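Below you'll find only one chain, the form predicted on its own, shown as structure tokens.
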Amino acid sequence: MSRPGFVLEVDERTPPLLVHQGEGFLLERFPLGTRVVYPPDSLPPVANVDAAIQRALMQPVDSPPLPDLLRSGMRLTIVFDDISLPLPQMRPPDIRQRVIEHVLELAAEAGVDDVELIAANSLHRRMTPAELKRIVGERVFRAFFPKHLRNHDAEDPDGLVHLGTTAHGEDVEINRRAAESDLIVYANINLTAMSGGSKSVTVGLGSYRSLRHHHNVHTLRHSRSFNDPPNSAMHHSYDRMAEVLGEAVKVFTIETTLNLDSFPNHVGFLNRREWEWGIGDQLSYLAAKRANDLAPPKLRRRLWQSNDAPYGVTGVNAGRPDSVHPLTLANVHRQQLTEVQGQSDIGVWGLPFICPYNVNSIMNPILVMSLGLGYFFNLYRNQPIVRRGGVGIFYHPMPKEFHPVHHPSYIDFFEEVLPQTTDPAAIEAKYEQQFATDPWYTHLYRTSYAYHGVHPFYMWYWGAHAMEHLGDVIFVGADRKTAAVMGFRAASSLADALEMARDTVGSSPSITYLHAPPVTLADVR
């Protein structure tokens, strides 16, 4: 039986607490009375994953068993989540590989010859062949790549089809091969409550024409939070689009959930509560901290990116998407949800080395903003951990560093757009179309490994709700010039940040620190 989530109130006996800070970490001593939100203990994994997959395929929810949907002569498209999930990457074999192998075995038994596999990378960068192989495994890769295993291309005019519009006038345009299939089978990993469900196909295989209806400032400001789908305007849009999709093509989804074993044994202390560290954990911390601080930046990044997470699978459910997803969400909540009583004047978050868009890449300043004010701020249900008009304190060095191949439009966004304005609505109105339709960015997205030209805009909008909610944003340890370009303040320490926050929240603020990763979802009452 795993222990539930826990809220610690810092007192004289509380040891310094671990805080992530990009490709580094530190032990921080928080003021007395600070609340610290921990997730539940990592759930025990499913003992036999292959048996769980087989059971899900043979006993799906509100759907005939998968073999009954397969027949000779049909067109089958298997779609899977791209490299943005899970974070960190999963130690092989990836659960998507295991699901896909089971589906392919059933397809072969049914005599299905027309099978294609498509990565649901949406407007993300294409995955390299090595990255595709890592997800689907050697056997599937050799059998299908490159002709029948590929990335989705959201800018291929011949490879997209417009399925219609929702009652709200939202365009639903997705990958033609998938749309014209007799069956789409979707292999999913759900790391947070914002993923999966109606989002999987409509976003993963969507185009800019579709995504602009929910990836915009108005919708994201009314998504409270991204991890609370019933209260998220973004998810309402996904649901409307999924209805249009469902009228055009049949979708059979397989959703999986993971526990919180996010770090390998040699840094296992990152998975544990500090006051429970044994001698081994303390020595591991000291050794890892010293080696990490001494390592050159490129080596440090490579080492962090190579840390495969030893996740355990906690659930596999298959069948009709809108019937499966509530089961998935319940499993995510069982693993991540911690009840918190009331909001604070200040919220504190330590930002790690990884986000969905810097896998095998660089965490540039815009991604830091998106990770903090978008992803981490939105790790709540009901209401944010910090009150409206309060202060958000984030830890990250925020170096002005970009990956020129992966993030070319990010560089121009930072250099040309942000110096003019940081207001999301003004940026959207004046600059989005220019970047979204720029032929050079489109060329790089389609032929190289670049994120779509509009992607930095979406990352900026991702933080729009937090920017509107918070009275001040301070980054501890950040490069001051870089933070200033983005409209934020930088502090050298937590003490400095709290001193800077006095003008906004007074001299005796209440403080809540969301202790993550592993992922913690605060249920704020």
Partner chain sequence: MMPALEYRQSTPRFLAARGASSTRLGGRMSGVLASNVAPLRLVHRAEPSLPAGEWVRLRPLLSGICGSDVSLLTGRSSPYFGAVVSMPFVPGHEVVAETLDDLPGLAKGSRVVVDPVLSCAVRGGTPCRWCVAGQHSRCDRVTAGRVSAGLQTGYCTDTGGGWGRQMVAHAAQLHQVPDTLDDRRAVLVEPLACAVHSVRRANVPAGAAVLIVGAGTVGLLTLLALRALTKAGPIYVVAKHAHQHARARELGATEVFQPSRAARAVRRACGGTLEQPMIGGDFLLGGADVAFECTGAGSGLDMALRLVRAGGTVLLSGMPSGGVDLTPVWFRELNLVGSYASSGSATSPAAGPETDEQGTAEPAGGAFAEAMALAAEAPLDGYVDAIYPLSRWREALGHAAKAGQLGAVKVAFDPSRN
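Residue numbers count along the first chain shown, from 1. Since the model is a prediction, treat every value here as computed from it, not as a measurement.
Beyond what is shown, the protein has a form predicted together with the partner chain; the following relates to that form.
- The contact with the partner chain in the model of the complex, taken as any heavy atom within 4.5 Å, belongs to Ile411 out of Val244, Ala425, Ile411, Leu106.
- Exactly one listed residue, out of Tyr445, Phe353, Phe435, Tyr208, brings a non-hydrogen atom to within 4.5 Å of the partner chain in the model of the complex: Phe435.
- The closest non-hydrogen atom of Trp275 lies beyond 4.5 Å of the partner chain in the model of the complex.
- Although the partner is absent here, Glu416 is a contact residue: one of its heavy atoms lies within 4.5 angstroms of the partner chain in the model of the complex.
- Phe263 falls outside the set of residues with a heavy atom inside 4.5 Å of the partner chain in the model of the complex.
- The partner chain in the model of the complex is approached by Tyr441, whose closest heavy atom lies within 4.5 angstroms of it.
- With the partner chain omitted here, the record of contacts in the model of the complex names 403 to 411 of 338 to 346, 403 to 411, 88 to 96, 183 to 191, defined by a heavy atom within 4.5 Å.
- Annotation for 450 to 471: no interface residues with the partner chain in the model of the complex [heavy atom within 4.5 Å].
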